[in-house]
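Just one chain is shown here, as structure tokens, and it is the form predicted alone.
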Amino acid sequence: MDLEDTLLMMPGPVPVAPKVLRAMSKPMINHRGKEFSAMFDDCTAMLKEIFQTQNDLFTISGSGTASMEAALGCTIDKDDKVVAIENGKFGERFKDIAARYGQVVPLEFEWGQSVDLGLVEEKLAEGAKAVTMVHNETSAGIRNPAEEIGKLAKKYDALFIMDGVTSIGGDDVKVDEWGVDIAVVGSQKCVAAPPGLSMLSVNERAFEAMTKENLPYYLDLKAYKKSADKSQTPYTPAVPLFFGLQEALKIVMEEGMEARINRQATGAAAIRAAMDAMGIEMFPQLNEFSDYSNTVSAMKAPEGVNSNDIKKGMMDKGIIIAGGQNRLSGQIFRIGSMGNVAPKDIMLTIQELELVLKKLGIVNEIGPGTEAAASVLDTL
């Protein structure tokens, strides 16, 4: 399969614009010189707009998991309790990272099930230094109640550490307004830059909570703040990735956040409409505080069908979608609508998916899914 002809319709990494790829091929510069500092400041200013924050914002040369670990490694000591909300693979990851540093109070729901805010409040009322949650759980295609968790965290004086890796830049995420003390993003998701960088916002309350004796070395957020005040990073940055990030952020700004969010949300709505028309059931179990993800849609594999067969059928057509992770392997399939995914990409994916599903004996006719998706995308 020619990679240049492959369409990525998975929940990250996402298609990267040619001008971003070209930017990454620029000659190296002195990462301690004025040119890098100017690029660093430009990226930071654009990222603050995307995060909707006035807080400190740092870019780490490392994936989203690096920033998740920085957040917990700098704020949580061995005797500190962390309420770790889990309803998917990445909530589980947050829980596992927290266990390396403090005392985890696990709040585990079935993957794809909605968070019970009453249970969260019960755990926080017992005392905790922090609560962690994935806002947009891509492993299950569910959007969790960040605003409500922020209110509970404030009520019980706990830090709210949020994984916004696949929501910030793709959904209306109000980091400051919701009281998120530390929010994390990955470069290869809604921002549509190459993988390898992660960005996080840190407020003053979170810095005041960094009282442990031994902070991490490479992931020391105090070191990042000290360097950022000088328009620098504390350690050697991945310069080509910063070139790519800057160009990707310019594309975001040119489109405008409102339009970009609407495009991604409309794409997800079109996918859901197509699934409904084809009789495919969505995977998340929603309540009044949760919703379907605006950046990735997760569907149940029809009875008697392994979702990996659907994934393989799409791959044979040059379209990469995702299956289920870990315990959900073979049970669900997922289609991304994040980043630079365009309406034509959604339409092609649904058209080819109908052919795959017909071949597998899941649908009897071609067209209803495509027509349903088109009717939604026509609203853009």
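Just so it is clear, the structure is predicted and the values come from calculations on it, not from any experiment. One rule holds for the numbers: they count along the sequence shown, beginning at 1.
Although it is not shown, the form predicted in complex with another copy of the chain is what the next lines describe.
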Original post:
Counting only heavy atoms and a 4.5 Å cutoff, which of 59 to 67, 327 to 335, 340 to 348, 41 to 49 contacts another copy of the chain in the predicted bound form?
Top reply: 59 to 67
Original post:
Taking M24, N214 and Y217 as the candidate spot, are all three within 4.5 angstroms of another copy of the chain in the predicted bound form by heavy atoms?
Top reply: yes
Subject >> in the predicted bound form, the one of P240, P106, P302, G127 near another copy of the chain [non-hydrogen atom within 4.5 angstroms] >> reply: P240
Subject >> Single option in V16, V363, V356, A372 placed near another copy of the chain in the predicted bound form, where near means a heavy atom within 4.5 Å >> reply: V16
**OP:** Give a yes or no for R263: in the predicted bound form, does one of its heavy atoms lie within 4.5 Å of a heavy atom belonging to another copy of the chain?
**Re:** no
Original post:
in the predicted bound form, does R93 have a heavy atom within 4.5 Å of another copy of the chain?
Top reply: yes
Original post:
Any chance Y235 has a heavy atom within 4.5 Å of another copy of the chain in the predicted bound form?
Top reply: yes
Subject >> L8 within 4.5 Å of another copy of the chain in the predicted bound form, heavy atoms >> reply: yes
Original post:
Which of the residues spanning 295 to 313 lie within 4.5 Å of another copy of the chain in the predicted bound form, based on heavy atoms?
Top reply: none
